[in-house]
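First, one chain by itself: the form predicted alone, in structure tokens.
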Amino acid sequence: MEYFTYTDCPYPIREDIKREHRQFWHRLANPGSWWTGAERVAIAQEVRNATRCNYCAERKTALSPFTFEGQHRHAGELSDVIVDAVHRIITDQTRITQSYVNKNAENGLSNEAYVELAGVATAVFSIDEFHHALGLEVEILPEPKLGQPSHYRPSQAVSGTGFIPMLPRDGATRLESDLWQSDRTANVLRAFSLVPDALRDWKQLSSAQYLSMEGMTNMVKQEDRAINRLQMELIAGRVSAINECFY
């Protein structure tokens, strides 16, 4: 399947952004660590359904999202528990609680599967919003590839910091040695580390759409960026405030 080349976009788009977007869609179609390719693509579809879900819009205005009942707009390919998790991550993420994550696990959505789901949802939403900002149609989702998930879980993952287990600061070792250097990391990186490939997806997209981990040390301007670091952080800070980002 061919994806957008952005040739009809009135704005110049860097080649690394185009490349990372295309590569993510290819990876999305393949089996992951805890979901099949078909399930991963179905999760991506629910990301888009969530943005047009009347129930989500009404629930977001409720005093508590856990006392408001209704029916999500969904494609019917995933269970109610999975659909609700995707929709909450996209529309009401600031009110996700430890008890909600625990209840999902009791209902069959394990911590590992939840992290991969969140990784897919975050990446798809990020790319889609890039398209929306430029007035472009979103990409057609890829055809899923056959195969089974690997069920790989890094043995060094521990609980105690967030709602789900993650690698400790010094835990980027063995197969995870590429995730960060030594023990120099942050919780925003560790959050996806229970599913290393989800973190790898996030890092690759973030490196193109924002900055690489190495680029974070450049406080002036990266040569291939149109705006300087101060301007980038001003925009990032404003977007974070609007989205009620914990960070």
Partner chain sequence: MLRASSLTTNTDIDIRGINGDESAAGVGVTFGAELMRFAEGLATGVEADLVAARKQLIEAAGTAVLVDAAGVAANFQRMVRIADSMGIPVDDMGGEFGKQIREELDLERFTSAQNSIN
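Residue numbers count along the first chain shown, from 1. Bear in mind the structure is a predicted one, so any value in this text is a computation, not a measurement.
This protein has a second form, the form predicted in complex with the partner chain, left out of what is shown; the following refers to that one.
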property: 4.5 Å heavy atom contact, residue 244 to the partner chain in the model of the complex; result: yes
property: The partner chain contact in the model of the complex: residue 22, any heavy atom under 4.5 Å; result: no
property: Heavy atom of residue 96 within 4.5 Å of the partner chain in the model of the complex; result: yes
property: Contact flag, residue 201 vs the partner chain in the model of the complex, heavy atom cut 4.5 Å; result: yes
property: The partner chain in the model of the complex reached by all of 29, 148 and 175, non-hydrogen atom within 4.5 Å; result: no
property: Listed range touching the partner chain, judged in the model of the complex by heavy atoms within 4.5 Å, from 150-158, 67-75, 102-110, 118-126; result: 118-126
property: Residues of 129-165 having any heavy atom within 4.5 Å of the partner chain in the model of the complex, listed in sequence order; result: 129, 130, 132, 133, 134, 135, 161, 162, 163, 164
